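Shown next as C-alpha cells: one chain only, the form predicted on its own.
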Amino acid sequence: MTVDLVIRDALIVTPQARRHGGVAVDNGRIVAIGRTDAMPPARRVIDAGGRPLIPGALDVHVHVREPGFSHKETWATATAAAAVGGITTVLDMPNTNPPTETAARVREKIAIAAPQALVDFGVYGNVGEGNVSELRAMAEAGASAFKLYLGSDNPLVPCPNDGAVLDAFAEIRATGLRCTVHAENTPILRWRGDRLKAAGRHDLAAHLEQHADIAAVEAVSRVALLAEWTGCKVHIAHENCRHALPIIARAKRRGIDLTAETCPHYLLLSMADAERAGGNALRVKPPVREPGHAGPLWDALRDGTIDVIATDHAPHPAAEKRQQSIWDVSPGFPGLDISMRLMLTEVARGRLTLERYVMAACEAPARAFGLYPRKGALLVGADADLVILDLERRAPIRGADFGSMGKVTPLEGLETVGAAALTLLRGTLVAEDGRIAATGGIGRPWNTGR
C-alpha cells in the first residue's frame, strides 16, 4: 500500500519516551509508527534529519476576537500565528461582541471561523446568569467547552452569582464538557479597584494590589467545592499564584476532576521585569506578580499539579497597550507565535524536559478537553497533526514579525532557542520555517466527537 506521506529519520518524542524512527500518514491520520526502513512507500517523503517530531500543540485559552473586535485579531491572523508557532488546535474564548452565550452564537462563530482557519479550532460557550437553560443547547450546537468568568469587570461577560454557577455546573456536567474558570473573586477586585482609583493610583503596581493573592485563593477554593458538589469537570485558567497551588493539589487528591493551566508570561516574568517589559504594557489579568511565584509554578508544572501550558493569547492594538493610566490599558498580549519557542528555550536550559513539555502542551490539554487520542498523540489512528522541531534555531522575539495582529509583547528582544520548523495539520503542510504554506479553510471545528 502506498500512503500519502512518510516522515523518515525523526526523533519521535512522546511524554513517555523518545526513539528514532518514522511515521506514515494516510487520509489525514497516522497509519504506522516504527523503524524508518519499515515505513510503506509514500507519495511524499519528508526527511526530518534526526530532528524531534512531536504532536501539534493544543492551546485551550485563545482570544481570537471575532466577531466584534476584528481590528484586534481575526481567525485568519490568529490561526496563522498558531500554525507558525507549532499549535494545531485552538480553543476560542467567548468574550467577543456579541458574546458566545447561545446556541445561535456558537453556530455563528463556527461559521465565521471555518472559512479562515489554518488550524483546527473549538469555541467556548459563556456561562452567565441569564443563559443557564441554554447550556445544553450550546453543547449540541458545537461548543467545545464552557467558560466562567468568576473575576470579571467586562460587561459583555459579567460574573454570575454563585446560585447561577451552582446550577450551571450541574447542567454542564450533563453535557460531559469541561468548564474553564477565570478564578478570581470579583467583589474583592471591584472593592480594591474602586479604592485605588479613588486614591489617585494609576500605576502598574496598583493593578497588582487590586488583584490580591487572596482573590485567587478564595476563587480556586470555591470552584473546587462547587465542582466536587456537582461533579462538573473544571479547568483553572491562567494560574499565576503560588498560594493557590496547594488547593489545586488537594482537589486532585480528593478525586475532583480539576485540571489547571499556566502561561509562559507567569513562568518567565515578574514585576521586577516591568520596566524592561514595557511598564503599563505588562498589564494582563490576572497580573504578572511579584518575584516568588514563578519558582513554585515551575515546580507545579514539572510535578503535574499544573497540567497544561496555554497562552491566554490576547492581542490589542499598540495604542491600547500604551496608555498612561493602568486602568485604560487593555489587558493581555499575544502568545500564539512564541509559546513553543519560549518553552523550548527553557527545555534547552534544563528547566523542563522535552517529554514533559509534550505532555503539558499536547497530551494533557487533549485529554482534559476530550480530544485524546485523536489529538495530542503520536499513535496509530490519531490525526496527523505533527510538528518537526529545530532545537538549534536562535532568534530574538520581535513583535513586528508576529502573524498575530497584536505586536506588543513584554518579551520583546528575548533570545529564544528552538522553534517549530514544520507544522502539519492532518498531514497537510500548513507552516514551514516561519511561513504559512496553506490557505484558510483547512481548519475544522471540533468538540468531543458529536
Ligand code: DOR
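None of the values given here were measured: they were computed from a predicted structure. Residue indices: 1-based, along the sequence shown.
This next part talks about the form predicted in complex with this ligand, which is not shown.
> Are Phe146, Cys179 and Arg367 jointly within 4.5 Å of this ligand in the predicted complex, each by at least one heavy atom?
No: no residue has a heavy atom within 4.5 Å of the partner.
> Quick check on this chain: which one of Ala314, Ile247, Leu352, Leu189 has a heavy atom within 4.5 Å of this ligand in the predicted complex?
In short, Ala314.
> Arg105, Arg289, Lys285, Lys233: which sits within 4.5 Å of this ligand in the predicted complex by any heavy atom?
Comparing distances to this ligand in the predicted complex, the residue within 4.5 Å is Lys285.
> Is there a non-hydrogen atom of Asn95 within 4.5 angstroms of a non-hydrogen atom of this ligand in the predicted complex?
Taking the distances in the predicted complex, the answer for Asn95 is yes, it comes within 4.5 Å of this ligand.
> If we define contact as a non-hydrogen atom of the residue within 4.5 angstroms of the partner, is Gly128 a contact of this ligand in the predicted complex?
Heavy-atom contact with this ligand at 4.5 Å: absent for Gly128.
> Decide whether Gly332 counts as a contact residue for this ligand in the predicted complex under a heavy atom distance cut-off of 4.5 Å.
Contact check for Gly332: yes, within 4.5 Å of this ligand in the predicted complex.
> Among the candidate stretches 421-429, 62-70, 402-410, 382-390, which one is within 4.5 Å of this ligand in the predicted complex when only heavy atoms are counted?
So the stretch in question is 62-70.
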